[in-house]
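The data below hold one chain only, encoded as structure tokens and taken in the form predicted on its own.
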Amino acid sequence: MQFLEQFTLKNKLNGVSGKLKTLFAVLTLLVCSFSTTFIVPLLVFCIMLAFTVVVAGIPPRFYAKLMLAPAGFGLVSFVLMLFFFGKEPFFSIHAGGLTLTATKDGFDMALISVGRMLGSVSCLLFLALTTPMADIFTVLKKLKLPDVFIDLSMLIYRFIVVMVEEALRMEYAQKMRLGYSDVKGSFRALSLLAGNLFVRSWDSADKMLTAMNSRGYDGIIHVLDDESPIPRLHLLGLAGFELVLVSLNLILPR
């Protein structure tokens, strides 16, 4: 299984400032979320897709797998809004004595909502696939967020990765011993996996705390900070890009 962290360390944008990538993703996400036309979120989705897959070099198949769940959720939301929201009739579908009427305002609402969702998810995927978590935590420290919040986030992220890797190893070992050969065996293997995973996670956390204390842990996890400023030309380009998106929101019809 390929983890996101593998791509954040090996992508072609790894040398770009983490602060710049975070600023780019967050500002674009905000513009996309408050967009009043579906064209801007669609444009954001295409741009982020190009930056993530073409520029950063993330495998298209892996990116498609990550987008599969949001796209499915968006499709369901689109159908529900189309047929169950709004008042102005658009078209009707007759099936088995049942008539479903789509509405024009429901269609417009669904188009904008699904567009915002896909555009916003593409922004988050760009950030998650091109920026190491250490850089993101550095940005959070620059924003003066509480140290407790940042430290907990770092520890939670670390143990999610550890637990997933451990669970995959245990599951593979169980499959090699035919632990999932039938329904009864599957339930038994799953219960054993969950119990052993909890014990091993607890033991791993205890060992980590001992290691941190032995290295002078004082209640704050210190992260190496990149003090180099963002180039002014990059900031001007980012500002121009966001200004174009905002202008399109104001110019294009709603």
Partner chain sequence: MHALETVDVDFRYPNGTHALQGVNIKIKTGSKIAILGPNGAGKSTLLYLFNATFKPTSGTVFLNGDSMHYDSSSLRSIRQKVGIVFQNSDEQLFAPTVKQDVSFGPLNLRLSVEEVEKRVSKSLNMVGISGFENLPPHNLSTGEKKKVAIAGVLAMEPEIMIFDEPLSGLDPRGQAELTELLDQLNADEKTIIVTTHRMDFAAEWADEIWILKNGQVIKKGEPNEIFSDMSLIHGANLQVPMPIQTHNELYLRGFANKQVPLSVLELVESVIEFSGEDEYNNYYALAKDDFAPHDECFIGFENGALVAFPEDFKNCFARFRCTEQVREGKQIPIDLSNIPEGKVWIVRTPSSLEGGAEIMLVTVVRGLIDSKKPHRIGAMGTVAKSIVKNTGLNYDFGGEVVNSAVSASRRGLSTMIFATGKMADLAAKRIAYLNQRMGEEICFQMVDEEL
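In this text, rigid core is short for the largest set of C-alphas that superpose within 1.5 Å between two forms. Keep in mind that this is a model prediction, so the values were computed, not measured. Numbering follows the first chain given and starts at 1.
The same protein also has a form predicted in complex with the partner chain, omitted here; what follows describes it.
Exercise for review: Determine whether any heavy atom of residue 65 comes within 4.5 Å of a heavy atom of the partner chain in the predicted bound form, and answer yes or no.
Suggested key: Judged by the heavy-atom cut-off of 4.5 Å, residue 65 is well away from the partner chain in the predicted bound form.
Review point. Does residue 186 make contact with the partner chain in the predicted bound form, using a 4.5 Å heavy atom cut-off?
Key: So residue 186 does not count as contacting the partner chain.
Check your understanding: Does at least one non-hydrogen atom of residue 211 fall within 4.5 angstroms of the partner chain in the predicted bound form?
Key -> Result yes; residue 211 sits at the interface with the partner chain in the predicted bound form.
Check your understanding: Looking in the predicted bound form, any heavy atom of residue 9 within 4.5 Å of the partner chain?
Key -> Yes - in the predicted bound form, heavy atoms of residue 9 and the partner chain come within 4.5 Å of each other.
Practice item. Scan 140, 162, 170, 111 and let me know which has any heavy atom within 4.5 Å of the partner chain in the predicted bound form. Key: For this set of options, the contacting one is 162.
Point to revise | Answer option from 90, 85, 157, 73, heavy atom within 4.5 Å of the partner chain in the predicted bound form | key: Result of the distance check: 157.
Point to revise | Stretch from 46 to 54, 202 to 210, 24 to 32, 188 to 196 whose residues place a heavy atom within 4.5 Å of the partner chain in the predicted bound form | key: Careful reading of the contacts points to 202 to 210.
Review point. Using the core for the fit, does the CA position of residue 165 change by 2 Å or more between the shown form and the other one?
Key: Yes, because once the rigid core is superposed, the C-alpha of residue 165 moves 2 Å or more between the shown form and the other one.
Review point. By the 2 angstroms cut-off, has the C-alpha of residue 155 moved between the shown form and the other one once the rigid core is superposed?
Key: Yes, shifts by 2 Å or more.
**Study point:** Core-superposed C-alpha of residue 201 shifting 2 Å or more between the shown form and the other one
**Key:** It does shift by 2 Å or more.
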